[in-house]
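Quick setup: one chain, the form predicted alone, written in structure tokens, and binding and motion questions come after.
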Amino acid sequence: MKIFYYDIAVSLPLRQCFTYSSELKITKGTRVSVPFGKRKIVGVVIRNIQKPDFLKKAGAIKKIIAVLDEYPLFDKPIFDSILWSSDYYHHPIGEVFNTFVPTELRKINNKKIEALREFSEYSVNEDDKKFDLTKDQEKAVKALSKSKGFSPTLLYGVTGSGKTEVYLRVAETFIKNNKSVLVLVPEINLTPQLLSRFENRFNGEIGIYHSKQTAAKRLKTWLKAKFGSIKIIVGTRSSALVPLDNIGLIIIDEEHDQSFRQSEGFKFSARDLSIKRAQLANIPIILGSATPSLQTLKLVKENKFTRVDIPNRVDGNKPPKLIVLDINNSPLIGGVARETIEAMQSTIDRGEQVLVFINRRGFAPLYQCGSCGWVADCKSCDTNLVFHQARNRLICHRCESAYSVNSSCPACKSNDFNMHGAGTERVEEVLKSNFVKTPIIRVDHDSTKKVGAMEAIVKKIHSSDAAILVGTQMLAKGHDFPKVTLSVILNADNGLISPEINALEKISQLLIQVSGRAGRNNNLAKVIIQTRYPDDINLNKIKTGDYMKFASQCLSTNEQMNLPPFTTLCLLRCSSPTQRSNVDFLEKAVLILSNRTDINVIGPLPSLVSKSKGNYRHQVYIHAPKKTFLNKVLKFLTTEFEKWPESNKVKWSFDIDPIDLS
């Protein structure tokens, strides 16, 4: 009887596959149950191999217990995308597979990959096309609908230019040709709005896929998509590799958004992985944004991506005017200047809405003893605790640990406490006291936790006349608030003075995106940026509203200074309960790289947040001229690390193309 041998990936932090035997011929990508130590776990068949010479002893190779499904998990383009991402990001292959496998299929149970007896017929609701396209939109739809094969395209459209309508019209072309469409958005809170637009346009089930769904719901949607019952999926980064039968198009909305980057565990970019999937599947991909990433703009400049522009708003109005407000000599009330409150009052008096952006949730970010200066900090993290008034708790925004509010100072026993700084709760309180009869609507992580909360908030915003919206970044992304004519940005200075390499890219995108929420139906709309740096050269360039000009200047500067995206960066991150273990491990890594003249190595250094969830964090910067060379260096390091006893005392990982240096 013929015996087959397979490399199996298991969901463990191990950078290797394990060899098992079977009397059955098994397709790559199929789930199997295998013995692992004393356990029985799920594995995925990676490849068929010849009998390994080093395991010729009888019984040395364990047998596969059972084949769990008739069908493999993924088609070849997705399967190969997973292999590519494991290699590119240098992450254990089993954990990469698990990232894109529904939770119910990661364990041994009665769940199987099988077709559901549910089918959805798709047609276009012509009544939903309430308005004619602008000339710019028509050109964009015409160009994008003709896309064939792998043809990545940047759809650059200013805020309010109608990019979503272009997505719908292009998707219609592919759906009519019996193709499937995958649409990615950066935040879960953006899915209801986009889902509603697609449901209004298409008769037929539109799938939704993100981490807040129940495991059963995610599995059902995944199976429907895999077997062709659903042809349109709207989801977040976890849906980047959702199987879709006969996929024809991928759309990445707000492609610049850093929420597409996973920062914990398997650190990957859903945007970049989607581009790889499109390449391997030989299908078009559209990357839409009003503030494209420097990486994407570089690829356009090199003619690797094409570019389609929608330079004007659909209503013909000009973008709002950006006004810099010097607050150095202005008394602030909960972070809000008196001049700002007066401008808000004028807007409310006209029956219009105001959007107030502050990228801090909670009431006050610093809780301090007024007598001795003691500051409330997290016992597990190197961060201050934030006072949350609604819960009357001090909360760590790093690990979400909650502490009761001190009745007396633990250092000097004083009960004289001061709260410094402002978050969304404090701004909300200040505005409620100044605008007693006006609805104040807060949009942050705390106010949108419950299922359906974001949908209810958006409905309230649209049904209100004069109102003030207070929120964090989730309020600034992608939403259409036609009644907002004034946007206020309270804490832009943090981005202007940030030490991060990509700080200017991030703050320019943020300011333009927030300003884009205002004046979609009003030529008199404006944006107030409160700042203590009114003469900052970069702020004054950004306030012109010309993002593409500013981004072009950033690209030129980065090229001259040999910074990404013209070079490549990796952080070798390390964490453990002791600082000494981190430093010993990283110093040894730096030592073996010290004789290489073609890379720059800096470190080891403590992370900006030096302790998180009970572990100390350190890192080494590895800067290389090209990704191919960096890849060789990291493979060399991985091989070395496996030999070191120091590796057993730390948890290490590579962060490729990092967006957050903290």
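Counting begins at 1, following the sequence as shown. Nothing here was measured: the structure is a model prediction, and the numbers come from that model.
The following text describes the form predicted together with ligand ADP, which does not appear among the structures shown.
Q: If contact means any heavy atom within 4.5 Å, which of 327-335, 364-372, 159-167, 504-512 contacts ligand ADP in the predicted bound form?
A: Of the options given, it is 159-167.
Q: Taking F131, T134 and V314 together, does each of them reach ligand ADP in the predicted bound form with some heavy atom inside 4.5 Å?
A: All three within 4.5 Å in the predicted bound form.
Q: Under a 4.5 Å heavy atom criterion, is R197 part of the interface with ligand ADP in the predicted bound form?
A: Output for R197 is yes: heavy atoms within 4.5 Å of ligand ADP.
Q: Does any part of E587 reach within 4.5 Å of ligand ADP in the predicted bound form? Heavy atoms only, please.
A: Contact with ligand ADP, no.
Q: Although the partner isn't part of this model, could you tell me whether D480 comes within 4.5 Å of ligand ADP in the predicted bound form, counting any heavy atom of the residue?
A: Yes, D480 sits close enough to ligand ADP in the predicted bound form that at least one of its heavy atoms falls within 4.5 Å.
Q: Can you list, in sequence order, the residues from 430-457 that come within 4.5 Å of ligand ADP in the predicted bound form, counting heavy atoms only?
A: If the 4.5 Å heavy-atom criterion is applied to ligand ADP in the predicted bound form, 430-457 yields nothing.
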